[in-house]
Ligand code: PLP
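First, one chain by itself in structure tokens, the form predicted on its own.
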């Protein structure tokens, strides 16, 4: 299990869990970076420029009075844009009236989906290294997250036998984050087809977080599990435009699912958040409508350059980085740094790096079960060029 505390708290109210919950290591490092005026490569804030068409459409929406509640599943224009874009780019046909819910970010999507589909005591498989918000959300609902280790020595390859070994009668779903945070893993068609067979055999959902779908490098291709034969009905797609349009504070995400699951998902999304911000829905809709393949290709190329900048600086500083195939994070090993960074574990060494260089990173242990990931730090490269260049300059001065 990811966290044994989950089972010990089962059946207790959230009041029993809350006193033991602390802010994520990502937010903790962001706050420490802010205190010293550091360069924050800890949090995936994505502070690159917002596309003009997106920003202007949101401003216009405010001026035109789109400032009140929307339908709980989002404005029609945005749902249609999401459906059309999904069919155009992934060949997945989506009914915008019955199969799309606009949510408060992809994290809001995951929360609503988990409330709709799982009961306390259910088990959900996640791949390690995992995204902490996925684990945290499941834990707060008393759903048990079960980690399945990816092979770091083989570019985070998936071992299907490990997946099978982790399944119990209580397993209800498998979470797939592709491209992944923090490893930047892009699941291959062969891996997804293998997971599809397991899901069908054991009657499991596939919950796929595709928030980084447009951040793909080299020859890799993004494939949604929903595009695999026989998987449309049991796959729940969760994504959004926080990263793609550099609007992480706008909280515009979405769920695509078979129509039979949508009413419950929409109900819990409404219960938690009421609706995503109305004018920002209009801004994102305009961006989807007007920004096509050229924009998405340019986004990937821009971030591939940023990836190479940071990989080079990390190597020069003595780190051993895993080069990601997608997303915009780099996990880097500290095994060659010896005593350059003080501390016993990744969290202490991340703070040592911040003190020495003014560059904030996140402890790798935040993405693993207890006792693992202590030799890793995670760095984000979705930064303005001048900020990333400054971070690279500071890192090279580490030795």
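Remember, predicted model here, so these are calculated numbers, not experimental data. Residue numbers count along the first chain shown, from 1.
Note that the form predicted together with the named molecule isn't included here; everything after this is about it.
Comparing 189 to 197, 240 to 248, 119 to 127, 279 to 287 against the named molecule in the predicted bound form, the single stretch with non-hydrogen atoms within 4.5 angstroms of it is 240 to 248. Of the residues given (269, 86, 208, 181), 181 alone sits with a heavy atom within 4.5 Å of the named molecule in the predicted bound form.
Only one of 236, 78, 101, 106 lies close to the named molecule in the predicted bound form, with a heavy atom inside 4.5 Å, and it is 106. Not displayed here, the named molecule is kept clear of residue 322 by more than 4.5 Å at the level of heavy atoms in the predicted bound form.
In the predicted bound form, residue 177 approaches the named molecule with a heavy atom inside 4.5 Å.
Although the partner is absent here, residue 217 is not a contact residue: none of its heavy atoms lies within 4.5 angstroms of the named molecule in the predicted bound form. Although the partner is absent here, residue 156 lies well away from the named molecule in the predicted bound form, with no heavy atom inside 4.5 Å.
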